[in-house]
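In structure tokens, one chain follows: the form predicted on its own.
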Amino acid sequence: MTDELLVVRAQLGERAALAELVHRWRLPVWTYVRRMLDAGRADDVTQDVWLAVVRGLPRLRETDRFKQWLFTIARRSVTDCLRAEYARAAVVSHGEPDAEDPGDAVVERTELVAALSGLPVLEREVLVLFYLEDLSVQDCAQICQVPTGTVKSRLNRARRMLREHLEEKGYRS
């Protein structure tokens, strides 16, 4: 059954269709959010995403664009979380060292994940959406609300930065 049909059925109030949509997209959404945030925040933000999906699904007009709509919500939730974090960081005094997240040491298991998390948010975002979520440049542009040329330049910059980071760690291309 296609996502489009599941969305229509869910909009008509069929709980099983909504459950199937959540089951189908739960892991890709969590994976996207996790790649943008640490593990502790990823769970909370993913819950926010699904809450927004459940609330907004009845108003979704283009049911064939569910995937793009879903990742737009996920991106917005990640952005809101990062904004709140930056706002809190600005309030904290500058002389105190930042507390390390104990989950980071556990979660950062591979060099690729570590390199990916070291990229700036905008570059990491398009890399995750394009390569790991298998979205087109046009879909990435729509989700990120930027022109396709901007997505392409961010992809190029992200690939270059990732390559440089991995070469510093001893990996050769």
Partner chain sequence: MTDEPRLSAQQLIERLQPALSPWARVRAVTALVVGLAGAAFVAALWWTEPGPLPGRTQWAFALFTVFCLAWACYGTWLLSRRVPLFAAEHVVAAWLGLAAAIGTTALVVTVAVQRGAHPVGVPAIGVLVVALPAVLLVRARARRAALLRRKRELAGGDQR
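Numbering follows the first chain given and starts at 1. Values in this document were obtained by computation on a predicted structure and should not be read as measured data.
There is another form of this protein, the form predicted in complex with its partner chain, and it is not shown here; the text below is about that form.
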item: Gly13, heavy atom within 4.5 angstroms of its partner chain in the model of the complex; value: yes
item: Contact of Ser136 with its partner chain in the model of the complex (heavy atom, 4.5 Å); value: no
item: Heavy atom of Val121 within 4.5 Å of its partner chain in the model of the complex; value: no
item: 4.5 angstroms heavy atom contact with its partner chain in the model of the complex for Arg9; value: yes
item: Which of 126-134, 66-74, 144-152, 46-54 sits within 4.5 Å of its partner chain in the model of the complex, heavy atom basis; value: 46-54
item: Heavy atom contacts to its partner chain in the model of the complex at 4.5 Å, residues of 1-33 in sequence order; value: Met1, Thr2, Glu4, Leu5, Val8, Arg9, Ala10, Gln11, Leu12, Gly13, Glu14, Arg15, Leu18, Ala19, Val22, His23, Arg26, Leu27, Trp30
